[in-house]
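Taking the form predicted alone, here's one chain by itself in structure tokens.
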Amino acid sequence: MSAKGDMFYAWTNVSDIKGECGGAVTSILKYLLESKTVDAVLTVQKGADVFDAEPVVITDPADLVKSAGSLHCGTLLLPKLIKKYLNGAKDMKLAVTCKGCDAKAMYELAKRQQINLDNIVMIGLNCGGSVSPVLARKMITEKYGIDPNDVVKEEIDKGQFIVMTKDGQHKGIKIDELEEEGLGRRKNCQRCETKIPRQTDIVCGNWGVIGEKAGKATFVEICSDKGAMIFDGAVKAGVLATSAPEEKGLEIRDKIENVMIKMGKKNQETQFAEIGEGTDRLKYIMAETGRCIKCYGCIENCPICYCVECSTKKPHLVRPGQVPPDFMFQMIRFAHIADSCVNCGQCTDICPQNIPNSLFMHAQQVELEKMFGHKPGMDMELPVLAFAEEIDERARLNATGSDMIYENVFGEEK
């Protein structure tokens, strides 16, 4: 019997599963569906090409093979899809594959009663970062001298971003070299410290698998009692084979994680320094957000935004129809989200004006964490600001009071 904290090498016992690193993740998902532990699996699969990651809900175990393998140029975040399209998993049971930012977003939505975590099995995936699909195509064309349409597979291994073409060509370039030129992983991934998402039920990856099992098995860590029951069930059902990890493998895995966490902290210092401190930072953010066209893409895609009536659409707070919007638009977003930002990067990815929204949010979240000690996405604890009551000023104030607020916010009479 396994328990929280136990670690294994695991690989599939199912002949028709050909997933990466022994197919353990696909096998666990197959067991969850076939045993009726879950009604469906929410994961990501390749769309038109390796740059086109698409979310998919799978109910037939035979379809799981389509989702096997990693997509480092897929930057999707799954938790908000559960809230928007799957009724928050309130009336169905789901297994969901989770990167670090997915897992953190799960907790932030769950603690606000937007999704039912009791009905969700989180299968964590080690993550060294992802690459914007748009930037990846540009990078592969200019740096690799390869037509991105010829790329059939990509991977991040041993500090390199490697691409493979349909004619068998392999080419890798060091990620450090790419990132020095503004290429490589997304900026938020460079700042990330959650490389092994232990907030999940089971976390899987290839770091630490050495010897004869290298490339043929997955390193699995049990992270919850629920995860232990699922893992034991998969082994008992015969879909998984296991062995104890090698001691050297444990050391290597720890070393990789610690190095990447240190890199994340270093990149935070570098990127946060670039936007200044105090008044200089405020001026920088005001200048950058001055390009905003108020498309609401950042709000629609943020996993923490869930209000039915968004405060940025309240006419007594943000002047309707003005583009770019008053800075109050950005201030409301910062006030509502910054203490819970999970650094997923969705707001930056989606912005048509290339405003580094996630950098601003993450920088403020780190400062708030220093002040209040709250680290978002790690547990079910709410941030301090979540306990402040939000008052609907329009319902409370009379017409005169509303006019006074408008004047104070915008510096002019209505």
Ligand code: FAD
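Predicted, not measured: the structure shown is a model, and the values here were computed from it. Sequential numbering from 1, following the sequence displayed.
Omitted here: the form predicted together with the ligand. The next part is about that form.
Of Gln268, Gln199, Asn116, Asn206, which residue is found within 4.5 angstroms of the ligand in the predicted bound form when only non-hydrogen atoms are counted?
Among Gln268, Gln199, Asn116, Asn206, a heavy atom within 4.5 Å of the ligand in the predicted bound form occurs only for Asn206.
Val121, Ile140, Ile222, Leu71: which sits within 4.5 Å of the ligand in the predicted bound form by any heavy atom?
Looking at the other structure, the residue within range turns out to be Leu71.
My question is simply whether Ala363 lines the interface with the ligand in the predicted bound form - judged by any non-hydrogen atom within 4.5 Å.
No, no contact at 4.5 Å.
Would Val44 count as a contact of the ligand in the predicted bound form, using a 4.5 angstroms cut-off between non-hydrogen atoms?
Contact with the ligand, yes.
Please check if Thr97 has a heavy atom lying within 4.5 Å of any heavy atom of the ligand in the predicted bound form.
Thr97: yes, in contact with the ligand in the predicted bound form.
So, Gly172 and the ligand: in the predicted bound form, are they within 4.5 Å at any heavy atom pair?
Although the ligand is absent here, Gly172 would stay clear of it in the predicted bound form, with no heavy atoms inside 4.5 Å.
124 to 132, 144 to 152, 84 to 92, 279 to 287: which one contacts the ligand in the predicted bound form at 4.5 Å, heavy atom to heavy atom?
Contact criterion met by 124 to 132 only.
What are the residues of 262 to 283, in order along the chain, with a heavy atom within 4.5 Å of the ligand in the predicted bound form?
Going through 262 to 283 in order - heavy atoms within 4.5 Å of the ligand in the predicted bound form - there are no hits.
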